[in-house]
Ligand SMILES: C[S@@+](CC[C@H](N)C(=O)[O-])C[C@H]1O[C@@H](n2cnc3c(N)ncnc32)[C@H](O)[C@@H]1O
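First, one chain by itself: the form predicted alone, in structure tokens.
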Amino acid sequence: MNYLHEVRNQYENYPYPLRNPEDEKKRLLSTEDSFLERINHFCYAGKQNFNNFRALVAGGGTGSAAIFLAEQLRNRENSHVVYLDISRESMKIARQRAEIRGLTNITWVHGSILNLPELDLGAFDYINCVGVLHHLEDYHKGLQALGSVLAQDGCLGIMVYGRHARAPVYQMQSLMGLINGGETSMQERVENTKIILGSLPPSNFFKRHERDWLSEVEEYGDIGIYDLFLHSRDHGFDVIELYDWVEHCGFHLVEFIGPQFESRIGYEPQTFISHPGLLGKIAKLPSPHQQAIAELLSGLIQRHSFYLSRRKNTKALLDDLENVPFFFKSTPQGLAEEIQQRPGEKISLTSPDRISLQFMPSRFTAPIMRHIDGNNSLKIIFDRIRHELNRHELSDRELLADFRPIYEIFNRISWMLLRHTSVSPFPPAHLLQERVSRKYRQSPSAEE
């Protein structure tokens, strides 16, 4: 496995992504697939309370996913995170970050995900594997290894690279492969890449798209250069290949999430096409083919992030009136009032990830929005609306039908999720960080 040696050597010398453990004193980095609210909505029908919950971060790198999961699970009963990585240097950085935060619910394991079946780590309810499987010589074996330690009702959060949007990067990788040839010095390869980046003519494919990529180089320096242009194994997937891969390994693709759109909207042809006749034809195609069309239309999907499960129908449903609708990440201020002040008019919104959308409010949109506070179930909301409007003849079915189109718009951009009433609300990331930041504000000696 010479390729695995090269990958390990890369991450020992260039731990990725670049992280300074001291930054934990002032901020908590989130990872899109590891928000408990999202995992709960998409993989556990909104009913997972995350007690007695075991998570594996497979290919943990410098620790962001492990830290974020462990921080969210800190006060959950008997819940734990296992971090696994082939790079001791990356694990060292991740452990320093956890120590600064005072996290004690992480177990640290040095090893490859290909060895998971023999590591005797037990079964996991959730496995995070981001930016790893596309670096394997056999990504089927990698996903199967993850499946070998996944609980029967568990789920995976996966990120792999997208083939089409990364085409400029893959051309650069080919170029640097020719230039570096038999060069054995990793740092010399980096220096050669810097020279080439400064020598690219305007006609070069990467040069024409460099604004999409150079932020990583500017932020991470040599580490970013090596990971982007010099990686020894880097496979990009298109949507069709992705579906073939995960289904061959016995999984269902639950839903695409981020990072470009943080939702499935980037995989929907109607996001880009407005012609009803053509949309009608496309709608007759299998779902993966529709999503493949959207991927090619968009040109923006550099990474595919998604949840996998062995089970079908794992998402929380609006039809369960014991579910609590809540805004994810941010709440639009004054939405109910704006709807009420502009009857019969379309409302324009910008989602947290800067997607602009319009929707036409229905009869009961404003009163429903007034009662969405992250605590009220649909049953409670509907009961209150009947009482407020003195419309006791309104049925749950009528109110649900009225709300459904609006909910589906918000859910498509992952702006609104559902949680069962049996599960407590999840604290926002800034409150999780506040406990850590307060510790260092109150203890100047801890900064020394």
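When you see a residue number, it is the position in the sequence shown, counting from 1. Just so you know, these numbers come straight off a predicted model, no measurement behind them.
The same protein also has a form predicted in complex with the ligand, omitted here; what follows describes it.
- Between the options Asn323, Thr193, Ser90, Gln291, the residue in contact with the ligand in the model of the complex by a heavy atom within 4.5 angstroms is Ser90.
- This chain appears without its partner; in the model of the complex, the one residue of Leu143, Leu156, Val149, Val130 with a heavy atom within 4.5 Å of the ligand is Val130.
- Although the partner is absent here, Asp85 lies within 4.5 Å of the ligand in the model of the complex, judged by heavy atoms.
- The ligand is not shown here, and in the model of the complex it never comes within 4.5 Å of any heavy atom of Gly46.
- In the model of the complex, the ligand sits beyond 4.5 Å of every heavy atom of Pro21.
- Looking at Tyr16, you'd find a heavy atom of it within 4.5 angstroms of the ligand in the model of the complex.
- Of the stretches 70-78, 194-202, 335-343, 134-142, only 134-142 has residues with a heavy atom within 4.5 Å of the ligand in the model of the complex.
- Residues Gly162, Trp245 and Glu295 are none of them found to lie within 4.5 Å of the ligand in the model of the complex, as judged by heavy atom distances.
- In the model of the complex, Gly111, Ser112 are the residues of 92-112 with at least one heavy atom within 4.5 Å of the ligand, listed from first to last.
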